[in-house]
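Next up: just one chain, as structure tokens, the form predicted on its own.
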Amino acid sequence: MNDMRIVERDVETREIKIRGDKVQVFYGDNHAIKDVDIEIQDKTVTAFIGPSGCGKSTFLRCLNRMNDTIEGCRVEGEITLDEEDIYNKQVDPVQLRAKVGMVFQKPNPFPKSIYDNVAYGPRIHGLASNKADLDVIVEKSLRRGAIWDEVKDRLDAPGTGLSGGQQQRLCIARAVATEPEVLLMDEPCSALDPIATAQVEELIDELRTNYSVVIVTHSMQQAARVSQKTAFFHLGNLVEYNETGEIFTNPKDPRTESYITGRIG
């Protein structure tokens, strides 16, 4: 593991964007997440790592209430975004998901044009009053997704016709089009080849200047490359959460060390 390149740590302390307090998740009788306390900083990439089935994706989906769509799933405890409880009955999950965007493991562009993929969110949330406004949002979002130069001459072409890496960057552009504050990424590179993975990793590093990014990854090397903070999950528990450099070079918990050195996983 000595070849891992750790990203530079931010020296200043950033404000807390998301806070989880005693978060529990149940699927029926299955206790999937146990007593998770976490503070996720703004304008920082936070990586969730751990073995398959450890709860990292389940916890990620709590942050924009995607678990609401799963029958029999129950979330307890408190999760706040900018000090507001996102599970409060007054909170509209659709509006929450405009603020907390999500990019999935497999690129999933809509069966629409490249333009309409990106314009979809701003349209339903009423972010553009006319076509000219929408054009500006679409271009800005595609630029933020680092794909504008590749698609600007074929915006009417279907999004599904792009390569896998381009589709994932289109999905990132679609996610940022509603001006979210947080971007959740659930193993966004696992279906991509190494070149496309490198492009998306570079993009993640750029995105943190505008967003709080939370990424679930099965690749410890990827976590080391892109994140400033890392959380290690094991059997539904948040075992350790610290600056990425500390997690990989000086883990405090023996379970973290065992995972990083390959003894568990």
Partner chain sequence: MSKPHITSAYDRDLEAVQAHLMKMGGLVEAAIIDAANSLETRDEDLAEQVRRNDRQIDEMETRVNEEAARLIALRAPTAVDLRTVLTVMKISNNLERVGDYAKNMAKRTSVLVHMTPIEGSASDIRRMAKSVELMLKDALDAYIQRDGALAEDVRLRDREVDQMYNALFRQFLTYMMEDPRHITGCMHLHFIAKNIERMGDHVTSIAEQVIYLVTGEMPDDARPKGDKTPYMAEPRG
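Numbering follows the first chain given and starts at 1. Small disclaimer: the values here were computed from a predicted structure and weren't measured.
Unshown form predicted in complex with the partner chain; subsequent notes refer to it.
- In the predicted complex, at least one heavy atom of F248 sits within 4.5 Å of a heavy atom of the partner chain.
- The partner chain in the predicted complex comes within 4.5 Å of no heavy atom belonging to N30.
- At least one heavy atom of E257 is located within 4.5 Å of the partner chain in the predicted complex.
- At a distance threshold of 4.5 angstroms between non-hydrogen atoms, N210 is out of contact with the partner chain in the predicted complex.
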